[in-house]
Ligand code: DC
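Quick setup: one chain, the form predicted on its own, written in structure tokens, and binding and motion questions come after.
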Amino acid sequence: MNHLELPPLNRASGIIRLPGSKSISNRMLLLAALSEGRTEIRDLLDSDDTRVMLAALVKVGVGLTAIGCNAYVIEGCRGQLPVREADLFMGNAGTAIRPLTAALALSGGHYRLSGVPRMHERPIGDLVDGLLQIGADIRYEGNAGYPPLSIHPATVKLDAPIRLRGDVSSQFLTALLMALPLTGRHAVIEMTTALISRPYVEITLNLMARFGVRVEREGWERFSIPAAQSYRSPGVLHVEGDASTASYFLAAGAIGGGPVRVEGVGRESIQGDVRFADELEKLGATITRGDTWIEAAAPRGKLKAFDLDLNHIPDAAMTLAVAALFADGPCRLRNIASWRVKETDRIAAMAAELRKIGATVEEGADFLAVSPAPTFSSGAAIDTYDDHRMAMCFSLAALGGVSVTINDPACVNKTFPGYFDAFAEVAAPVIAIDGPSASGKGTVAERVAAAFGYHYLDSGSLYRLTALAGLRAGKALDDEAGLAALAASLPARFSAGRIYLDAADVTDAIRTEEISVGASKVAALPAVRAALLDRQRAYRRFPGLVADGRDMASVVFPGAVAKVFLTASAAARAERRYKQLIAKGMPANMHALLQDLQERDARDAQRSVAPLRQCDDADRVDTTEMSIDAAVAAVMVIAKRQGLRSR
């Protein structure tokens, strides 16, 4: 079985741009397909579940055109699907199979819907019962109440309200609400039991309104769709960030110090799972909100023990089950019966895996009680049950300072294929080494990275590559806009200790004095630094990173676990550079080198953006009288003092 070992983690901070919401993405796709007109959807989630929906829409004849990164144009079919017979494989995507079942049942065609084995264990009987009440012809091909299904043409009657249970899944109500406008007639749905996961129904009603269909409701018991309504394209739509996914990063900030900011959801979000931040606040976390972002930081001390009704945020509530490991007492999650019929039986699965971490767990039909252990069990191998949320939730356990192995980490592809890379961007330990040119930081950083088994970033090479690319393109080194454009799309590649620009090996070319001076000049340009910022942060990966440069600790990785300012006298640095050049057979002049270094120091220290300086929380290491071995040893001591472990 494939697995991912997360190292012991003790801090989390940074900024994450969230992927698009799965719930919004699949709803928008179906509504756009059923509407009149052309709809452009931007920021669509790229995941297994959305690919299932896209593939199904193509099979039933909907026109889809990819127009760029996570953006599509959908040609609406005015409620009349062009292909009237198709066999559709729906994987394990509940947000795809349920609304499609209802829409296809009212389309007058012959369709078959199936999925992976787990999908054939997930109930759909209440939705089918609701559709049978109005004359739809849907037949079970296996066990009654579960997929696979076959759908046949039928005459639909809406002379009485559809009576529907609401205590199993809100997706059944969503499916009916989205499909019934296809009849053009007045339709009524009455709930026979209390409706769970109401915020997800609010998303449905909001999106239907954007496509021109109004739903009247009496509380959460009765929903009416007036006659003579049809879907009309609103033109261009943007999918907001996934609020359920935000929960993992907000919890990381609350557990690992923070702050961690998620961008893409905030006060203006239409998703109920943004209320996870409210629940986290009750546990003592510091929460700050903007219109399109939320930020979380840890309380002083542990999170507070809790006893919460979490019916309103069933998916995000799973994150609180792992957060309970970090609480100051026993915790209870209530009214979560819907967990039993998700991608796996999440109550049973969560209980089993929490026990591996050392917690005492009691599970019931609709609750989970978690008593954290004084110390975590290290090396726990977490089974994920082909459930993306299990994998993402338990990544947080490593913030307890223990190693955690995630089995089948690829299951996150269902909603967030890049999850572990994103988690590393806020949680993978970073040793940031800053200092002036020729202070030895590159050699030291590379050797420290090898000692810890971490990745290594020579940030200066990116500026050198930008200078080299600029000169080769005939650009002046003060052409800020032109150089920033080059930096943003720099065709750089690092392999086996060599550096490539396009296919050319430029390892030696970027080390000439001309390029060294040029790199210092382009690094002073704000637009160039901005263009390279995200690129540098992307080097942060598990098990950790050692990064050297001028602003690693102050700007690029301000939350670095260990910060070092490596320096030496200008004379000592000039002598080192002189010896390096002579050893390579290159001409060198000591006086000129010293003057260049002093000018570069002044330029780096005086630039308006990210000037070279020692951070207040950085340790200073003066290597003037040190050998490389001694400098490496000094940095290792600083890193280990912060709890990092070498190989």
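Quick note: we count residues from 1 along the sequence shown, nothing fancier. All values derive from a computational prediction rather than experimental measurement.
Just so it is clear, the following notes concern the form predicted together with this ligand, a form of the same protein that is not shown.
A.B. asks: Between the options A105, A246, V564, M552, which residue brings a heavy atom to within 4.5 Å of this ligand in the predicted complex?
C.D. replies: Only one option qualifies, and that one is M552.
A.B. asks: Find the only residue in D604, D619, D49, D596 having a heavy atom within 4.5 Å of this ligand in the predicted complex.
C.D. replies: Comparing distances to this ligand in the predicted complex, the residue within 4.5 Å is D604.
A.B. asks: Does the 4.5 Å heavy atom contact test between T174 and this ligand in the predicted complex come out positive?
C.D. replies: Contact check for T174: no, nothing within 4.5 Å of this ligand in the predicted complex.
A.B. asks: Quick one: does S459 come within 4.5 Å of this ligand in the predicted complex, counting heavy atoms only?
C.D. replies: Close contact exists here: in the predicted complex, S459 approaches this ligand to within 4.5 Å, heavy atoms only.
A.B. asks: State yes or no: in the predicted complex, is some non-hydrogen atom of R529 no more than 4.5 angstroms from a non-hydrogen atom of this ligand?
C.D. replies: Yes, R529 is a contact residue.
A.B. asks: Applying a 4.5 Å heavy atom distance criterion, does S371 contact this ligand in the predicted complex?
C.D. replies: Looking in the predicted complex, residue contacts with this ligand do not include S371, since no heavy atom lies within 4.5 Å.
A.B. asks: Which one, 306-314, 324-332, 416-424, 513-521, holds residues whose non-hydrogen atoms are within 4.5 Å of this ligand in the predicted complex?
C.D. replies: Careful reading of the contacts points to 513-521.
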